[in-house]
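The chain below stands alone, shown as structure tokens; this is the form predicted alone.
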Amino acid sequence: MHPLNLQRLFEVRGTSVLITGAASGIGRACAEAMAVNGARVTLADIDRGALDLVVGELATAGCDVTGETVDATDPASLKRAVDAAVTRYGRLDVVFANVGISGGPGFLKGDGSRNEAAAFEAVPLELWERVLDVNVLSVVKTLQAVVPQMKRQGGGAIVVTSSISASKTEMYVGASYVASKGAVGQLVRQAALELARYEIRVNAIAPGPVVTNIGGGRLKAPEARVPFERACPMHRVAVPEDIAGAALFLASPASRFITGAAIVIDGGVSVGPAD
């Protein structure tokens, strides 16, 4: 088969994939994209009930999947998941570091008025610490758990769920979330620089607003989506399936010479508002 054949370019069949935060939202969409295309996927999530449902659905569809209960802020928990994946599949080719939480609403409400409860000085330090722990340190801990195995086997691909908030300010999104994603964006670039020698690629997916369970599923409410839809040239917010194509690309040979990059998936939000 020619190396530029479409099937070969995007082939993930047989690869061993670990995905954190895989029981819902973007993580689940990534898991489905990998599994239905023949990857052997270890789904990791802190919510065992939701995890079992997704694993069951994919297994019923004939996919090679397994589930591991993981707290991505706990190095020991991550190590157990990595060890389980390697024991089951012999190696670990692709890792999606996908865990994240909301920092709450931003300093403006959807109608443009000030949200005093989200004023910078009003946001509790405990929230800042929690957001940075989950959104930034969980990525650090995930990389520390998987990199030794990838070095031993001669390479791999790491895909981190970042955000367009990594490179722009926000009105409707909490400051702690924006700061955390800024840190994640630089972390991806720094890790990519250091790990390139070992044939380990590190890239980011940078979505705009996505309808997921984050923030208590805030964007599932039509009225909450209005300001985000207004700011988007395509006049909608993303659903997790909109992220799956980029995930498949970054996990496949099609992106074999790409590292330290962030693929923006925002319907044009970063370009600016339109009619």
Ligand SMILES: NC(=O)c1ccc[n+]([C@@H]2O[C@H](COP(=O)([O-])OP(=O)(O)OC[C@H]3O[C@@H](n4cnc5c(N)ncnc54)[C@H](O)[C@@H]3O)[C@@H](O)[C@H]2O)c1
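These figures come from a predicted structure and were not determined experimentally. When you see a residue number, it is the position in the sequence shown, counting from 1.
Just so it is clear, the following notes concern the form predicted in complex with this ligand, a form of the same protein that is not shown.
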{"item": "Joint contact, Val17, Gly156 and Ala244 to this ligand in the predicted complex, by non-hydrogen atom at 4.5 Å", "value": "no"}
{"item": "Gly25 within 4.5 Å of this ligand in the predicted complex, heavy atoms", "value": "yes"}
{"item": "Contact flag, Leu58 vs this ligand in the predicted complex, heavy atom cut 4.5 Å", "value": "no"}
{"item": "4.5 angstroms heavy atom contact with this ligand in the predicted complex for Thr73", "value": "yes"}
{"item": "Contact label in the predicted complex: Gly67 to this ligand, heavy atom within 4.5 Å", "value": "no"}
{"item": "In the predicted complex, the residue from Ala191, Ala85, Val99, Val178 that sits within 4.5 Å of this ligand by heavy atoms", "value": "Val99"}
{"item": "Interface segment, criterion being heavy atoms within 4.5 Å of this ligand in the predicted complex, picked from 192-200, 91-99, 120-128, 105-113", "value": "91-99"}
{"item": "Residues within 4.5 Å of this ligand in the predicted complex, restricted to 38-71 and counted by heavy atom", "value": "Asp45, Ile46, Asp47, Val70, Asp71"}
